[in-house]
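Just one chain follows, in the form predicted alone, and it is written as structure tokens.
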């Protein structure tokens, strides 16, 4: 009995030390949403369980190595044990109850994360290699920066144009895949002001690691002011083809193509500034003038004629995504970039 008491004390002490050590490492990013509350609560209990299970193995093993090792001069056999039915029942029943307990805790946490507020604000998320775009249907505009009002639930309705992407802001804890042909949903209630980053958590192509955008959690008044400004800009832009083209380009194109004099970091895509009317050398050595016909062909069939020095990374899905009028609007915008 003395050995069992000592081992129990050692196991409890080691569990405490391991748990405190792990939690002091700051493994989790800051907590920035109400959904993170139940997730962090569940994670904390998992850390306790992992600390205990590790100690339950290491503490008795270490104690046995020190106390029961063969000493100098000992030649006999160790004490023989036939088994212990009570111990076997205990290590079967207790883990079973632990599994049921964590199953209930996981279901409770999932229920809290999925609880929908009827007054949630809807934001549509569009993902395309390798760009995020956020549409605000209540205001009628899109943005490449996700602005969120604090302490209001946001219902993200998300879809992908090409391949599977995954929306993930570590500070919000929750994550959801975007699957072509489906609309997936994610609920977020930000409760901490600040600037964060949305990342794609699904390997989605050559520039996957650069598929990031800003997420800003703001006071409600600041969000409303920004949203109304963007709404006015979108209304004015929609009156001209080049304005509509700029909006479409922000959604589908500007994650790869730069409208300044330099390429975007990590993406080998032609710069749009000064592109229209330029003579380009193709991979086969021939040349082509970048006019409306060539731009339309490059959007609908990007593998047809590739400019020398570039690899064929452009998605081949725009023929099914963009209408002829939308393509013409994008080209009208490209013409303005001189």
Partner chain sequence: MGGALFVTLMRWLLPIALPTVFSPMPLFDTQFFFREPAWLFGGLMGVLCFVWYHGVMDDWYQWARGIDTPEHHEDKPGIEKYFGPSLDHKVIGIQYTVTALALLVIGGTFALIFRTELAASRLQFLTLEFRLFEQNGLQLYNSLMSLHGMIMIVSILLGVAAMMNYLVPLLIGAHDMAFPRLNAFSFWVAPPAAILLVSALILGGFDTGWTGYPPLSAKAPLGIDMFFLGVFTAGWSSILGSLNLIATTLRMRAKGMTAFRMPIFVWASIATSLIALTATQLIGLSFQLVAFQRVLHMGFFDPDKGGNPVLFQHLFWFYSHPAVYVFILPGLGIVSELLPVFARKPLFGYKWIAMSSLAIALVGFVVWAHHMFTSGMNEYLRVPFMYSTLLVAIPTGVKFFSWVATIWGGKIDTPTPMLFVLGAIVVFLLGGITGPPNATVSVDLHLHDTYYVVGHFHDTLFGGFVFPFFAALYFWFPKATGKRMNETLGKIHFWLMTPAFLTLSFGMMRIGLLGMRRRIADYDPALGFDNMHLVLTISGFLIALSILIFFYNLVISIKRGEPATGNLWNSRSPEWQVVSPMPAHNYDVPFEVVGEPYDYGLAGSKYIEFITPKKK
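Small disclaimer: the values here were computed from a predicted structure and weren't measured. C-alpha atoms forming the largest set that superposes within 1.5 Å between two forms make up the rigid core. Numbering follows the first chain given and starts at 1.
A second form of this protein, the form predicted together with the partner chain, is not displayed here; the remarks below concern that form.
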May I ask you to state whether residue 228 is within 4.5 Å of the partner chain in the predicted bound form, using heavy atom distances?
-> no
Is there a heavy atom of residue 84 no more than 4.5 Å from a heavy atom of the partner chain in the predicted bound form?
yes
Does any part of residue 168 reach within 4.5 Å of the partner chain in the predicted bound form? Heavy atoms only, please. yes
(message) How about residue 37 - does it come within 4.5 Å of the partner chain in the predicted bound form, if we only consider non-hydrogen atoms?
(response) no
Per contact check vs the partner chain in the predicted bound form (non-hydrogen atom within 4.5 angstroms), the hit among 202 to 210, 233 to 241, 246 to 254, 148 to 156 is 202 to 210
Is the partner chain in the predicted bound form close enough to 122, 294 and 330 that every residue in that trio has a heavy atom within 4.5 angstroms of it? no
None of 282, 50, 304, 289 but one has a heavy atom within 4.5 Å of the partner chain in the predicted bound form; the exception is 50
Checked 117, 138, 88, 219 for heavy atoms within 4.5 Å of the partner chain in the predicted bound form; positive is 88
Across 21 to 51, the residues having a non-hydrogen atom within 4.5 Å of the partner chain in the predicted bound form turn out to be 25, 26, 27, 28, 29, 39, 42, 43, 46, 50
Answer yes if the Cα of residue 296 shifts by 2 angstroms or more between this form and the one not shown on a rigid-core superposition, and no otherwise.
no
**Prompt:** After the core is matched up, is the C-alpha of residue 30 off by 2 Å or more between this form and the one not shown?
**Reply:** no
